[in-house]
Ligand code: NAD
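Single chain ahead, written as structure tokens, the form predicted on its own.
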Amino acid sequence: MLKRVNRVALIGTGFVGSSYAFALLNQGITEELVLIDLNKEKAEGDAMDLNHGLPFAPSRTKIWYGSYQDCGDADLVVITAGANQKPGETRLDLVEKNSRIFKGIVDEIMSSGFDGIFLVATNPVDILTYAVWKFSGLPKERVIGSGTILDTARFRFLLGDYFDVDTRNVHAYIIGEHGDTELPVWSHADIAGTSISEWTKHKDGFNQEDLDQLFLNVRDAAYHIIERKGATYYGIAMGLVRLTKAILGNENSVLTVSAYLDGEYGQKDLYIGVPAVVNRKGIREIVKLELNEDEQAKFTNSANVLKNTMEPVFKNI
């Protein structure tokens, strides 16, 4: 009897997609990886290049260039396709053109008989995750956006750097829109169980002004990187691999993803970045943090910005 293998279908082999495929191969997380892109030659070249690295990989992964029909047997479809953010553009500027692109992509995927989990990374990720949910007809738990997983990673890295501790021992979240209205949850940020406020209070050289600037560097990191190299892709690719591992490994890991809210945090009918428990079925549950008054107001504002941006787009699609 043949063992059931995990198949990941990747839609889009641009900077983010190819970086994700490379990181996925290096961590040996899936048995099958199919690459799908309008640019057939690019995707075929990526498949060839990745296969040549198999002798150095931790485990065997079957990798090939395929079509939307290969999504029918996929456990996970990861979408990184779409128009990229250009210098001076916000993620929300991409809404209408990427929503239209996604309608065609999702229709093709669903016609293959796909019945797994969608993982969306294309910006604006919160709105496009909502679009995939609407277009696919799948349960909300099985449509996940990368949300603020990268913003949270940037936050943890910069806090670890500031306090000179291993970033893996920093526990802190960025929530809200993956974009200009996101916010840090300072009230729940800690290092090894000790709150950030206690660290700044009892250790010389640390202050809140530095931390406020640190958050601005987190929020604006994409702009800084785009100015220097044209695009961001390594960090988000590793975040997507982390999510893939949590899903295929049925980990019940808490990660800050773009999830559908149905009353949580006082919001309904939108996807937005919040901590959630992720496993083989998708999003098991939303983690409801007790926000202070200022954090709740900022989160509500972030949600309203997303809703106001979404409304005219979905009227026309």
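In this text, all values refer to a predicted model and were calculated from it rather than measured experimentally. Residue indices: 1-based, along the sequence shown.
One more form of this protein, predicted together with the named molecule, exists but is not displayed; see below.
>> Taking the named molecule as it sits in the model of the complex, is Phe22 in contact with it (heavy atom to heavy atom, 4.5 Å or less)?
In response: Phe22: no, not in contact with the named molecule in the model of the complex.
>> Residue-level contact is defined here as any heavy atom of the residue lying within 4.5 Å of the named molecule in the model of the complex; does Thr152 satisfy this criterion?
In response: No.
> At the 4.5 Å heavy atom threshold, is Leu306 in contact with the named molecule in the model of the complex?
Replying inline: Answer no; every heavy atom of Leu306 is more than 4.5 Å from the named molecule in the model of the complex.
>> Whether Ile144 contacts the named molecule in the model of the complex should be assessed with a 4.5 Å heavy atom distance threshold; does it?
In response: Close contact is absent here: in the model of the complex, Ile144 is far from the named molecule, nothing within 4.5 Å, heavy atoms only.
> Counting only heavy atoms and a 4.5 Å cut-off, does the named molecule in the model of the complex sit next to every one of Asp37, Thr80 and Ala121?
Replying inline: Verified in the model of the complex; spot residues all in contact, yes.
>> Quick check on this chain: which one of Ile196, Leu159, Val218, Ile236 has a heavy atom within 4.5 Å of the named molecule in the model of the complex?
In response: The residue in contact is Ile236.
> So which of Ala246, Ile101, Leu214, Ala172 gets a non-hydrogen atom within 4.5 Å of the named molecule in the model of the complex?
Replying inline: Contact check passes for Ile101.
> in the model of the complex, which of the stretches 159 to 167, 121 to 129, 204 to 212, 186 to 194 has residues with heavy atoms within 4.5 Å of the named molecule?
Replying inline: Stretch with heavy atoms near the partner: 121 to 129.
> Which residues within 220 to 257 place at least one heavy atom within 4.5 Å of the named molecule in the model of the complex?
Replying inline: Residues within 4.5 Å: Ala231, Thr232, Ile236.
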